[in-house]
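We begin with a single chain expressed as structure tokens, specifically the form predicted on its own.
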Amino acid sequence: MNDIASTLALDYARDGFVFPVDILTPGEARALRDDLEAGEAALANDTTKRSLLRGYPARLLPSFYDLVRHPKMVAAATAVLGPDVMVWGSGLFIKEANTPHYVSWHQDLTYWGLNTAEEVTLWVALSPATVESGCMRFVPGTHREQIVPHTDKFGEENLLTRGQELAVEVNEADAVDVVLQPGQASVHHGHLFHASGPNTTGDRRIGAAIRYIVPSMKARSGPETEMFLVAGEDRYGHFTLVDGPKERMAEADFARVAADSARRNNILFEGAAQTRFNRR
């Protein structure tokens, strides 16, 4: 492990997060955003496919598949998880300009149905993530907590699928604002307490949350759950390995992603009073 990776791993172990990590140039981030927004525009009249695009961009856009395999992304993930790494997910969190959408205090791993916490999220900014645009906020050291109780609120403006909120008190005075410029990423643990506020600026706040796990993990969604292997090898066979998209937004890819999304959502909404996928 090189000095940069060692420093990242040490800071991550202490705080449960690291930022900023330079991944893309501003121009590369802009090109990725343009590709996404062209896809959104093409699907303007198909809300189902647009939701899948925002929830699984790396399965549908070659440019986002390149992002999840980017050497700097993989280097950060392997610094934390070790040499063998898979991509669990690649969802987008979008706050439109001048809107009240927010993310409540939560822990990522609450409802995913994974059997261990060997997961790390790299959240890549495709537009400025500032206090004004609703950047994430992290509470240092809370990654050492186990999963704590959450309450499903299903708030209309909450970007989380179940509107889940921590049912324990959060000391917001300790929270750190995760300010990122386009092309920069934050790295955070799946148990870390985090949230974000509304976007009061005139531009969209767009972030891609790439979730990496180790192949030894298991998911209650079953071995049919589809994954990318981006580093090392899979010696376990707990998931179905798939390749990235060969074409942009191919019909066959939409069909596979829809089936995989249904498997995951059966676990994600297990026991919920209602079902909603609030991917804006």
Ligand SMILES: O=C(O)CCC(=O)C(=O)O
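Numbering starts at 1 and runs along the sequence shown. Computed from a predicted model, the values in this text were never measured in an experiment.
Form predicted in complex with this ligand: not shown, discussed below.
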Residues in which of 192-200, 144-152, 174-182, 77-85 have heavy atoms within 4.5 Å of this ligand in the model of the complex?
192-200
Is Arg54 close enough to this ligand in the model of the complex to count, meaning some heavy atom within 4.5 Å?
no
Flag Trp123 as yes or no: does it have a non-hydrogen atom within 4.5 angstroms of any non-hydrogen atom of this ligand in the model of the complex?
yes
How about Phe93: is it within 4.5 Å of this ligand in the model of the complex, going by heavy atoms?
yes
Asp108 versus this ligand, in the model of the complex: is there a non-hydrogen atom within 4.5 Å?
yes
Within 4.5 Å of this ligand in the model of the complex, heavy atoms considered, which of Leu166, Val103, Val187, Leu114?
Val103
Is it true that Arg59, Arg69 and Val214, all three, sit within 4.5 Å of this ligand in the model of the complex, judged by heavy atoms?
no
